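There is one chain below, alone, in structure tokens, taken in the form predicted alone.
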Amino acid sequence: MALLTVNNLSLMLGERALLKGVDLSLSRGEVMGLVGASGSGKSLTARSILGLPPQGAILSGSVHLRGTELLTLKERALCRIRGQDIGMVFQDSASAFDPLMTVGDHVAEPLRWHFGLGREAARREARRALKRAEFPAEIDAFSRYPHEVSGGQRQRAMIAAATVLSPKLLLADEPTTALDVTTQASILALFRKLASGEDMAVLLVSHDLPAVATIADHLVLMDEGSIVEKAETAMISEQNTPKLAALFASARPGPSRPVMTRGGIVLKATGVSYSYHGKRALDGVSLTLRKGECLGLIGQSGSGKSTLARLVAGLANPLEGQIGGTGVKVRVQMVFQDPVGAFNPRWTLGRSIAEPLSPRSRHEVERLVTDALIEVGLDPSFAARYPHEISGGQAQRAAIARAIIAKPDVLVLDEPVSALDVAIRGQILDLLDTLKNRHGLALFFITHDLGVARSIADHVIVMQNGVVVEEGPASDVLAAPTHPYTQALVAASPSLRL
């Protein structure tokens, strides 16, 4: 008998139908992957099951959990079910935590709220949940705040909080989006372990089909609010499931780029070291970046990638070593991982894009903004829009427009496509490649996705604990890595094992 049964689930927001007759069935011990492009209705489906649709939305249909109809329950009854019967793991672990509470207290809180346990009893159970979620034993979760642990550790703590009451159903919404490949693999393995060992049903929402397919028993593909295909993972083929098979094909990274020397050196780092609070974040890092070249920087969380990017962008100065051009001033612009968060929400996109420009006439600024928008594939009318009025892919294009409007020599890109679905990711990578070739830009590209690195990078640098452990042409390093650390990264990358 199915634990969760969803029949004809539909959601209306005003005149728009955001979900259209969704049908799902999930049993205990199973993992179901709910996949699709941004805006396909994946997250809306998960949140509607939990009783958290958008404000003003009208839900219809049926959601049964062990025979209980959830859509007709009052909020108080739903609050008892959330956490106790249904656990939820959100995409952004940083924003899901209260910054004023320790990580351990977050895990203990559901025990006190639902079961009325005292402080010490709740902490004992919370420690068991943290151990089950494989949170590092050497870290005292009750003395660390969310900002004091890594992204992977926060995600494990969130999983512990979601499972501390031993729910029957676990909903996970894009839980591995910003994690490096080895951390992503371990988190996904944890979901599989919970399903098998704890007899939970797991509904895993993701745009990353290759990653989800490594653990899911079933895959369900959504598009424009409807389920368009579903199948057992082992049965996916061009004959049985052409749309899922096509999505697998589109996720497959393209061939590595041929080794090319594009132009002269625009940026050089020699023996760069940096420390945070006495801890060595970078140790003797050297690199060379040439005009028209894309240098890919890969490594796990905490390897020093973003620290090196900040130094290259001039946002901090190295404690030792040098970073600079070859006798001339190098103009550097940065594109961040979260484009919406990088924009001022009270400014129009046009005003934000124009921000890097030196003082100019209003007419010239408007012309340059229009040219930049057109160059990144956006209509000039986007200049009048605000960040919340556009999609993630459009926001990333606008962020690139802001970066190129000042005619930089180097673009530093920190995980610019990690939160985008496969189709939009490909469009942004194609755009960056076009801009690189058209303007001779040098790209300093940070990514945890080795498939992306192989698709866009000419050369790659692999970092571990602030040290460069391997470097060379992308085609060589990712096809036949020589360092054990690089070999582990390649082995953990689902996009390279398609």
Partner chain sequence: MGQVLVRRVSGLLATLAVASVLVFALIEVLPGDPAELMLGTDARADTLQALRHEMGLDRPLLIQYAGWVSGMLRGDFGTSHTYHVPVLSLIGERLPVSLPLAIASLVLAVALGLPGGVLAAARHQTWLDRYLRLKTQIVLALPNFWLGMLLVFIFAIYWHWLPAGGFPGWGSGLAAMRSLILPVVALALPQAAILVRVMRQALLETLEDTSVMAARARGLSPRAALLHHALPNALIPVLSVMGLQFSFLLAGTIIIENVFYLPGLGRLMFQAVTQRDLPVVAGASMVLVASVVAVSFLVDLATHALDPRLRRRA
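Only a predicted model underlies this, so the values are computations on that prediction, with no experimental measurement involved. Positions refer to the first chain, counted from 1.
FYI, the form predicted together with the partner chain isn't displayed, but the following is about it.
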Sort through 364 to 372, 398 to 406, 139 to 147, 271 to 279 and report the only stretch with a non-hydrogen atom within 4.5 Å of the partner chain in the predicted complex. 139 to 147
Tell me, which of 230, 114, 385, 331 has a heavy atom within 4.5 angstroms of the partner chain in the predicted complex? 114
Taking the partner chain in the predicted complex as the reference, which of 290, 154, 207, 106 has a non-hydrogen atom within 4.5 Å? 106
Quick check on residue 245: any heavy atom within 4.5 Å of the partner chain in the predicted complex? no
Is it the case that residue 127, even though its partner is missing from this view, gets within 4.5 Å of the partner chain in the predicted complex, heavy atoms only? no
Residue-level question: is residue 99 within 4.5 Å of the partner chain in the predicted complex, judged on heavy atoms? yes
The partner chain contact in the predicted complex: residue 47, any heavy atom under 4.5 Å: yes
Contact set, 149 to 168 vs the partner chain in the predicted complex - heavy atom within 4.5 angstroms: 161
